[in-house]
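Heads up, the chain below is alone and in the form predicted alone; it's given as structure tokens.
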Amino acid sequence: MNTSAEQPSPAACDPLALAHTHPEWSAKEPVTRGQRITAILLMALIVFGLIRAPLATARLLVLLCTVFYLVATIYKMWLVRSATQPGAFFRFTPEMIAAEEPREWPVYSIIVPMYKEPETIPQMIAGLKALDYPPERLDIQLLLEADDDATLNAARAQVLPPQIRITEIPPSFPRTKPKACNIGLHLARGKYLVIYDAEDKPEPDQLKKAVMSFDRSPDNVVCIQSCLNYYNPRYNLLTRWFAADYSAWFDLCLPGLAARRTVIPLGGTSNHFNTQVLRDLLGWDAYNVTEDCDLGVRLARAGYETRMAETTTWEEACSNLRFWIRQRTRWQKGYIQTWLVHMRRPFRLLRELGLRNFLHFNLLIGGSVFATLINPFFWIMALVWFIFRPVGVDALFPGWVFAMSAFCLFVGNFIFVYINLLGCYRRRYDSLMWANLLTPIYWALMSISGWRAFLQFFSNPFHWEKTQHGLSS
């Protein structure tokens, strides 16, 4: 069994290199002075308007939010339509993979960050052994925290093949997944590198499909994102919603973005990288709790592109509401971090991404957080208006604004539910269809986690809320 003693020491690596070398790219400083001043001025302007002209100001705010809802609805439809384009996916049949043989497959590095997950070790080792890739061409690291005795002991109790080694991560602040991944990147030996989470079950031929995708891509394509989905979608109502959400996102929305050659917020796992380019970009931001999303934007800003491959990694959908809220809070807090980091100098971002990608970024990253925060207010206004018909609420929606709002309420929400249904249909999740009729409850839960993320961003921005696995075993 190989251990960290048989490889260069992790101490030789600076896992915070991005924050140290390019602090402007890191979430270490949550909000810059300029952003604080801008936010204060904007809030002062809104308060002043509400005091001097309350109805006109409220109408303007409602109008802006309604236009946002309308644009977001049309944008989501366009993305799903784009997913049908020929360039949305790399697709390889077993016959196409077999035709590649014989060939010398490149060395492939796999890093598996784990923390307090001893129960997942046997499953993870079995999944890694099942990969259809020459074992001698694999370089696999289990990234384990040096003070996590339970997981370390569980890993050392396994009979590990030569291609799997344990890398101990020295405990230090921040205690985040990207910090561990940066150490794994420093020690990686492969031409390509992929991250898997502890509970992941990648399809056995995924690595070969990724290599073939890189072979058929232009030089500026340095990341291949696999699809993610769940192996326990029918466990309870929450996992049904979660599986429908993932099916729509990874099977429709992200392929639509790939077809349009634009910014792709990466998934947290199963993203395959050109190792050298990832090192040149200084890896992940150790202070960003949604480091995958941030890295996807940095790739685009550097002129690189991401493609999608039609291969799936199966994960465990969180089946416990408390842990789901914590997980979704972390994701949305990371989206807030990512949006604020890259909007520190918006004109530079516009110049580097171009107008089209700049709009994509703001709708995907900033827009998703904004929607979860404002949704409860519009739901409450709609309920109050339908039940009580008060004059005050009615006055906020004059004529054509009411028409747009009604369209977003009835047609827009139907479209979002329908997109989830399409995702389920694509995955043949027929038994999950009925759960989509209750999707508004799922949206309400997302808003709860969104507001929790917003408040936590100011109180504890780098806190990594751990997702508990094995709950539906």
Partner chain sequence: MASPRNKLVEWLLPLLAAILFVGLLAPRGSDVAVRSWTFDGICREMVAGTTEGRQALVGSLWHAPLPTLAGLPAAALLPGGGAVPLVSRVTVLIALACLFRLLLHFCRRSLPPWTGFDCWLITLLLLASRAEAVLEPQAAVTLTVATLTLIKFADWYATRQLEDLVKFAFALALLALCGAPLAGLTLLLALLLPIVALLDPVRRPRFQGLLILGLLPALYAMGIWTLMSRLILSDALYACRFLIRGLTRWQGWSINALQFHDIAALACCGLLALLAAAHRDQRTTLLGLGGVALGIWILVLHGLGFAWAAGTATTMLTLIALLMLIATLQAAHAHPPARIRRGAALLCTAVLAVAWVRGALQEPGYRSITQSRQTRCALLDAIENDVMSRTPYGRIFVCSYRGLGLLEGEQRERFVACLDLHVGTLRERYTRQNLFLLVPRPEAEAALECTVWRHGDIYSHGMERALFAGDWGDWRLYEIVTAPLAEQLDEWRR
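Keep in mind that this is a model prediction, so the values were computed, not measured. Numbering follows the first chain given and starts at 1.
Below, we refer to the form predicted in complex with the partner chain, which is not included among the displayed structures.
Using a 4.5 angstroms heavy atom cutoff to the partner chain in the predicted bound form, none of 323, 348 and 351 count as contacting. Here is the short version: of 220, 153, 84, 276, the single residue with a heavy atom within 4.5 Å of the partner chain in the predicted bound form is 84. A heavy atom within 4.5 Å of the partner chain in the predicted bound form is found for exactly one of 60, 47, 437, 53: 437.
Residues with any non-hydrogen atom within 4.5 angstroms of the partner chain in the predicted bound form fall in just one of 134-142, 328-336, 382-390, 171-179: 382-390. In the predicted bound form, the partner chain lies farther than 4.5 Å from every heavy atom of residue 33.
By the criterion of a heavy atom within 4.5 Å, residue 400 is counted among the residues contacting the partner chain in the predicted bound form.
Although the partner is absent here, residue 433 sits close enough that one of its heavy atoms falls within 4.5 Å of the partner chain in the predicted bound form. In the predicted bound form, the partner chain sits beyond 4.5 Å of every heavy atom of residue 404.
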